[in-house]
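Coming up, as structure tokens: structure 1 and structure 2, two forms of one and the same protein chain.
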Structure 1
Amino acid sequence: MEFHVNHPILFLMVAALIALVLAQSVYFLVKALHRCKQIGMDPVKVRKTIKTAALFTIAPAVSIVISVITLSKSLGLPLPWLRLSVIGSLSYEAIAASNAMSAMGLELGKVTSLTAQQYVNITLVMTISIMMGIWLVPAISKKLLGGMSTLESKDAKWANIFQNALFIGMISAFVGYVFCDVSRLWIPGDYSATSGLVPVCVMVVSALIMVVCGTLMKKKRFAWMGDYALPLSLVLGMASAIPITAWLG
């Protein structure tokens, strides 16, 4: 049987796993509703909370759909569908897949067919790496939370600075990936020199859109914009890549 990244068997396997995750979600929803009745919560508020949560889940889901489409060119639909439906994000999945493909002499977005071995290698890199966070939670989260609580009780200002520094450090790892190809500008005769500026310009556009959304939330009291800021900045940022690429060549 010839392997293909969009083989029906892969769709069936992924659908079964996602169905299991959805079944867990329904199970805990039913348990939560049962618990609400036990403690006497207002049914009207419970229904309103469920309705609001369901409604505002649609907006962030747009960015997930865009991410699946982005990765599907090289990886097919089943793998991105699975990775972004359970645990994953476009920033991580794209980097993990790109690194795995680079190790095999391939380039994400330019390869349209993979061998079974290449596909398995990419899947293992994307899956096992993201599971590190799951393994670390029971191992270190209790001690880490206790240490942060102790630090906050001694010096709340320093604890806040420390938490912000940790967050900025994490973001810096992804920002560095955006600038990794800018060095091509100084390579004589490199036909793709200006291509290194494309992700930088896209990042700037996305950041500006996020600033506009934040300003509307603060100045115009558009609180609902908070649920749409991420998908808007993602979709419009990716759309800007088309004219930016044409401009930079």
Structure 2
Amino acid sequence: MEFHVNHPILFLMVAALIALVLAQSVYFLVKALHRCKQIGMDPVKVRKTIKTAALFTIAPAVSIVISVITLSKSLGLPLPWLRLSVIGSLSYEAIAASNAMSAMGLELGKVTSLTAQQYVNITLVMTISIMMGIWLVPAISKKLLGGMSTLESKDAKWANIFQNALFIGMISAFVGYVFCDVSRLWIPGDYSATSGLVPVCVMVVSALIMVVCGTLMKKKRFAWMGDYALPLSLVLGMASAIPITAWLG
């Protein structure tokens, strides 16, 4: 059978795998909803959670579609579709594909067609490299979460602070990352000096929108805004990047 990167058989295999992953998400959702009913959780709360999560996901998911389009130019459509629907992210997959290709003397983005052997090599490198989390979670998560429960029973206040510290630690790293190009102001290069301020300004706009939503939510007739605060700050923050980039470069 003659191979090409968009062969219908590849689409069929990938679609079957993605259907399985979709089934896992549906299974866990139904299981959690059933448990919510059992323990008498407020159904309004649960519906709100689903609505906000769905709304919040739209913009990042569209950005993943863009990543699929980017990678599809070198790898065809089925492989990026699989890799970005299951485990992967653009940065991981681009590096893995690039390493696999350079080991065969090829360059990602400059290849117009691949042989079946090259495709198998790239797929194997991308798949084997990304597998750690998928088996390590079953191996250690029970112990890890059991440790958290023990902590909770020994010292509930410290357990709460511990949990917040995990979240704050993660957020701090990303807040720091937003400032990583600020040094362009004093380090000359092939870019506009103020371009490093674009992500900072976008973050400030998004934070301000969140503050406005938070203030409005305190008034009874705007309480509904709680469901939309984060999706709104995300989308308007992203939209603000268009004029800010035009201004600062």
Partner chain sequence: MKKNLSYIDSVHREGTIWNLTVMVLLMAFPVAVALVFDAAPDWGALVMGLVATAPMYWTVGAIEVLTYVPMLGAGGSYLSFVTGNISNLKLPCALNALEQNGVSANSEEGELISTIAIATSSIVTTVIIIIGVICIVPLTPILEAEILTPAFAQMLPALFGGLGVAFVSRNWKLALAPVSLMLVLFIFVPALNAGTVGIMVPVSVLFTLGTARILYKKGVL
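Numbers follow structure 1, counted from its first residue as 1. Whichever C-alpha set is largest while still superposing within 1.5 Å between the two forms counts as the rigid core. Keep in mind it's a predicted model, so treat the numbers as computed, not measured.
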Self-check item: Chain form predicted together with the partner chain, by structure number
Solution: 2
Quiz item: Can a Cα shift of no less than 2 Å be assigned to E107 between structure 1 and structure 2, given superposition on the rigid core?
Solution: no
Practice problem: With both forms fitted on the core, give yes or no for whether the Cα of S129 moves by 2 angstroms or more between structure 1 and structure 2. | Solution: no
Quiz item: Superposing on the rigid core, does the Cα of S149 end up 2 Å or more away between structure 1 and structure 2?
Solution: yes
Quiz item: Upon rigid core superposition, what is the positional shift of the Cα of I140 between structure 1 and structure 2, expressed in Å to one decimal?
Solution: 6.7
